[in-house]
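Same chain, two versions here, written out as structure tokens and called structure 1 and structure 2.
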Structure 1
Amino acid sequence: MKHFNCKVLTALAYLILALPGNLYALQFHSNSEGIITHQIGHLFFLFSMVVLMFIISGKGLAIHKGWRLIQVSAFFFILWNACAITVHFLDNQIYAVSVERLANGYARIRTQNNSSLLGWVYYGLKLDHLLCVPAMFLMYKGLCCLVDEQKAEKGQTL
């Protein structure tokens, strides 16, 4: 058996080294693949947050303040994801907006067709932390409420 394996390996080495040719098995990945993956990630995140909101309602957990706050937190994360998807779409996919930092603490926002409205919308969307920080804060408060409820329940039991 050992002798047979050696023969097979020798034959394979010969075929690889002595008979080279074009290889088409590996797929080529373009530059845009990264941003699409990122966008799909955001969509997945958004979808999961929608699911979380509905499940909390569906399971009747919304009667608890803690879960209600987590539900609102999920809603803010949905908004944040939507915001992030839009920004990435504008500047990384269709290149409709670009930002150039100026020396005096200002930035020039260039938009297609010089649309001022699009510029300000983009500027607003770039401040996405105004959505994700409250979302995270609501998540924290929700957990705080759940801890308090749980402790109160334990205290009653005791």
Structure 2
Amino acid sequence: MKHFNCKVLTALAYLILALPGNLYALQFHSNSEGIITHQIGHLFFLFSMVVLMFIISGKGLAIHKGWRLIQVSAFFFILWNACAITVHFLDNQIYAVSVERLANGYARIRTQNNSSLLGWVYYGLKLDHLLCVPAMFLMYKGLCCLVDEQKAEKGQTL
């Protein structure tokens, strides 16, 4: 009987965690100082990733798997920052797009002049996690490869 109760409690816990009430995953910048600082951060990160890509290729480090993965990661981070900068520009700086929250967790994208093309472009750019998550994963895998190579080199010299 104890085993059954444990399974029921685990199933209930999963159900509660899988069906959350409110999700607050969006960040809005209400004042101009916040969005400008945020945009500068994106620009700096984008520029840093461009420099990293040039350093990796310039020093010939791309012959190592770990550095190649980091270089591809930097490319994805560049794309992610470009998307984020564009989205922030559209909704927080020139107000060409606004997101209207509806009931039951739904939202509506409103654009100036009711441009459906701009709405779809904005929606696509808001899917920036499709670039950021692979970038972080590739960075992680690249660093793991570099650590493994370092461990292998130290093991051979001992």
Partner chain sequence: MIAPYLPMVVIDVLGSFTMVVLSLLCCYKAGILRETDRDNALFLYLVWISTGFMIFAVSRAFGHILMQFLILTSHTDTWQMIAAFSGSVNTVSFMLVSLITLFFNQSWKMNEKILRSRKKLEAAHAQLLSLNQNLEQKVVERTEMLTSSEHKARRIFEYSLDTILVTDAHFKIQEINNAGIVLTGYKKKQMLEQNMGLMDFIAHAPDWNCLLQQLNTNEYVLNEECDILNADNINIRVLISGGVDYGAFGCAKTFHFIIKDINEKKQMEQQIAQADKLAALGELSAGVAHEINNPLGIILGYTQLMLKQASEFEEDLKTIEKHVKNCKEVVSNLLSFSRKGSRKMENVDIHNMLNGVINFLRNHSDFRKVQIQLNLWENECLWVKGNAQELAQVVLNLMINACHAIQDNPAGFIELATQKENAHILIHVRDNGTGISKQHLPRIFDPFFTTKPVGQGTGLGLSVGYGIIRNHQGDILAANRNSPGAQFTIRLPLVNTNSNEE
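Between two forms, the rigid core is the largest collection of C-alphas that superpose within 1.5 Å. The first residue in the sequence of structure 1 is number 1, and each one after it adds one. Quantities reported herein were computed from a predicted structural model and do not represent experimental measurements.
Between structures 1 and 2, only structure 2 derives from the form predicted on its own.
Core-based superposition between the two structures puts the Cα shift at residue 148 at 2.9 Å. Its Cα shifted by 75.0 Å, residue 11 is compared between the two structures on a rigid core fit.
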